[in-house]
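Only one chain is included here, represented as structure tokens and corresponding to the form predicted on its own.
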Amino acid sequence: MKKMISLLMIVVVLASLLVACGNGEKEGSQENNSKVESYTLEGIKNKGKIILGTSADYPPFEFHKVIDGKDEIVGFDIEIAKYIADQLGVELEIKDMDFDKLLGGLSTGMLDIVIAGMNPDPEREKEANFTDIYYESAHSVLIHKENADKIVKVEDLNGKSIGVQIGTTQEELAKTTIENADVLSLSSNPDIVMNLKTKKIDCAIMEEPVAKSFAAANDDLMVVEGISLSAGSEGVAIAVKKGNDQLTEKLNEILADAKAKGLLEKWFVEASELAE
């Protein structure tokens, strides 16, 4: 009987050791999996979705549109994001945020990518990785038509009240290159347009296609054809978390593929027509 009890105790001990080893391997496996950050290329594929940060007040890049009775976020950048998600085999989740909060969303890992008509200027490049430029553009001046004879050249902007979006290249441009400018920085472009329509500001500085889109949608506004401003960092790119190099390289491959197929040009034309 003693021998049987001893043998039974040995079996119980061995079983406990095997369970412990099994749990150890499982915990180790979970620990290894947790090391894959959700915003990396592998992490995005693991969770089955890519989280896009954008500021949907920037037609034709991204904007709200009622389609079949439903409010949707559409535009050039959104088509790019859809294509990226499709190429990665994951779902697309869109987070609509204030423009000046987008890079912070990347740094905290809340967002995987930012596509928001963003210029990769030197200051932003300190905070994030940027892909290759996917759209080249300059900056234009949007005015009320009643000011058509007052603002016709760059020098006419000196001393004027200028509306810009917070955290944008246009804000920096207005503050550093226009003499004695009274810069009004607002969170959204529709707010800027409303201030322009009600003549609370003299003009607004926006990306050329965005300015043209608002002019097309508002009969009392126009783009000054004789003014094209340069900030030294023209063009827009996709932003990802700083150091997220593998995802950056993959996005460049996808962008190059879309460009080679003529999709970028097609999407921009379609988005411009939808915005009008």
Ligand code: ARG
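Each residue number is its position in the shown sequence, starting from 1. Being a predicted model, the structure only gives us computed values, none of them experimental.
Another form, the form predicted together with the named molecule, is not on view; read the next lines as being about it.
> Pick from I192, I143, M118, I113: which residue has any heavy atom within 4.5 angstroms of the named molecule in the model of the complex?
Replying inline: So the residue touching the named molecule in the model of the complex, by this definition, is M118.
>> Given that the named molecule is not shown alongside this chain, does S213 nevertheless sit within 4.5 Å of it in the model of the complex, heavy atom to heavy atom?
In response: Output for S213 is no: heavy atoms all beyond 4.5 Å of the named molecule.
> Y83 near the named molecule in the model of the complex, any heavy atom under 4.5 Å?
Replying inline: The answer is no: Y83 has no heavy atom within 4.5 Å of the named molecule.
>> Even though the partner isn't displayed, in the model of the complex is Y135 close enough to the named molecule, meaning a heavy atom within 4.5 Å?
In response: Output for Y135 is no: heavy atoms all beyond 4.5 Å of the named molecule.
>> Can you tell me if K160 lies within 4.5 angstroms of the named molecule in the model of the complex, counting non-hydrogen atoms only?
In response: Although the named molecule is absent here, K160 would stay clear of it in the model of the complex, with no heavy atoms inside 4.5 Å.
>> Quick check for you: of 192-200, 166-174, 83-91, 145-153, which stretch puts a non-hydrogen atom within 4.5 Å of the named molecule in the model of the complex?
In response: So the stretch in question is 166-174.
>> Could you pull out the residues of 47-68 that have any heavy atom within 4.5 Å of the named molecule in the model of the complex?
In response: Result: S55, D57, Y58, E62.
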